[in-house]
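Shown next as structure tokens: one chain only, the form predicted on its own.
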């Protein structure tokens, strides 16, 4: 990490893959293909000509888009130099299925990589090519890309299709509401953000080569200037070097199978079949209503920034400050675990107050200092559902052998896999000690496997105002991991650099 003076060079959107900026939510059709390199020379030739869609805003916007990302094994297979590979993060190089990492991520038992359909030792992709299109345009896009050079270069490992559920995830809840707003203009003063929850994150939390929330640069490959690297951008923190990582990011991909029948059957069993009570309990698990409204009051001040849906922005405008006891939104609810919406020094505005807090004194409430500040652990989600939908009523009926699998192709973008995705997954989603709790993990994503000292991890506690807490026991595992990998989503310049052998 460098401590050189702050620089704010203008961002070149033409060098950033468009998925980072847009997400392509209006392109309802999407498909991802996992590939392995069978001919490195042909693979590099395809990369040099690949029409990867950039983050440049267009009017009208394009009707199709293609993106590409690589695993560490894929970059090696393309002939990228070991000295360049060594500059990537240890998490990316080791991969998602490294044994100790699997334990931390909750990938044990039913989630163990040995049971995955892809991403394990014999099914590790080298790259993923992502296709997006407006309805009716996906097949033509794929055919235009997957030509003769493609066939010579790659072996198709698996195609991952998606479903358009109109913003509803398979359990039946509005999804995609809570997203950090990226500080594309680099105006955020991170040194003044310690005591104020904000949905804005520093550009360097998402894109490599820029200042992050620590006001530093995340490590990434920096190379000497030569004929192969001349087209890359220079590093802000090392002007004499070319930056392989700049305008790129790490892409985490996990296939999550959702057992929708088990979810709603369990919910209805808990409430004796009462539909209204079933909705309340399911909302307590999630932390929002099915319509996407938070269980705590929405803040009424002016909505900052802009977005595609003012109503959606409004539903994301809240904190848990007014719910200190977890009566409205339980401490273990999914959205509270995914984003605790806290600050660096909860309730400490002055320098003296922050010093007292840093020494471990002066806590206003039991849970104030149990969690790291959320601004250091944000991710940008870009996933898509697959398999269609199943209503709570239909979920009560007996399953058919022809029922499709339902789930989510989870995709997130982050500049630091360990500090962002892995911290969130390990310390917040899977932890049985999150926010002072015991014996429970995330009610949706949690792995119910017993842990040393915690033989029961299948509980859910819901505080009740002026009453005993409600305990729900015996939660099944509603979500199972079916595959996954860590990818690097490079800049367009880096795509060409890898196409030249790196």
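Numbering follows the first chain given and starts at 1. Source: prediction; values computed, not measured.
This next part talks about the form predicted together with ligand HEM, which is not shown.
K.L.:
Is there a non-hydrogen atom of residue 415 within 4.5 angstroms of a non-hydrogen atom of ligand HEM in the predicted complex?
P.N.:
No - in the predicted complex, heavy atoms of residue 415 and ligand HEM never come within 4.5 Å of each other.
K.L.:
Flag residue 384 as yes or no: does it have a non-hydrogen atom within 4.5 angstroms of any non-hydrogen atom of ligand HEM in the predicted complex?
P.N.:
No, residue 384 stays farther than 4.5 Å from ligand HEM in the predicted complex.
K.L.:
Looking in the predicted complex, any heavy atom of residue 331 within 4.5 Å of ligand HEM?
P.N.:
No, residue 331 is distant from the partner.
K.L.:
Evaluate residue 479 for contact with ligand HEM in the predicted complex, applying a 4.5 angstroms cut-off between non-hydrogen atoms, and reply yes or no.
P.N.:
Answer yes; at least one heavy atom of residue 479 falls within 4.5 Å of ligand HEM in the predicted complex.
K.L.:
Counting heavy atoms only and using a 4.5 Å cut-off, do 256, 378 and 425 all touch ligand HEM in the predicted complex?
P.N.:
Per the other structure, all of 256, 378 and 425 touch ligand HEM.
K.L.:
For the interface check, one of 135-143, 166-174, 69-77, 202-210 should have non-hydrogen atoms within 4.5 Å of ligand HEM in the predicted complex; which one?
P.N.:
The contacting stretch is 166-174.
K.L.:
Of 296, 390, 223, 335, which one comes within 4.5 Å of ligand HEM in the predicted complex, counting heavy atoms only?
P.N.:
None of the others qualify; the residue that does is 335.
K.L.:
Considering 190, 408, 233, 149, which brings a non-hydrogen atom within 4.5 Å of ligand HEM in the predicted complex?
P.N.:
Spelling it out, the residue with a heavy atom inside the cut-off is 408.
K.L.:
Taking ligand HEM in the predicted complex, which residues of 415-445 have any heavy atom within 4.5 Å of it?
P.N.:
If the 4.5 Å heavy-atom criterion is applied to ligand HEM in the predicted complex, 415-445 yields 421, 424, 425, 429, 444, 445.
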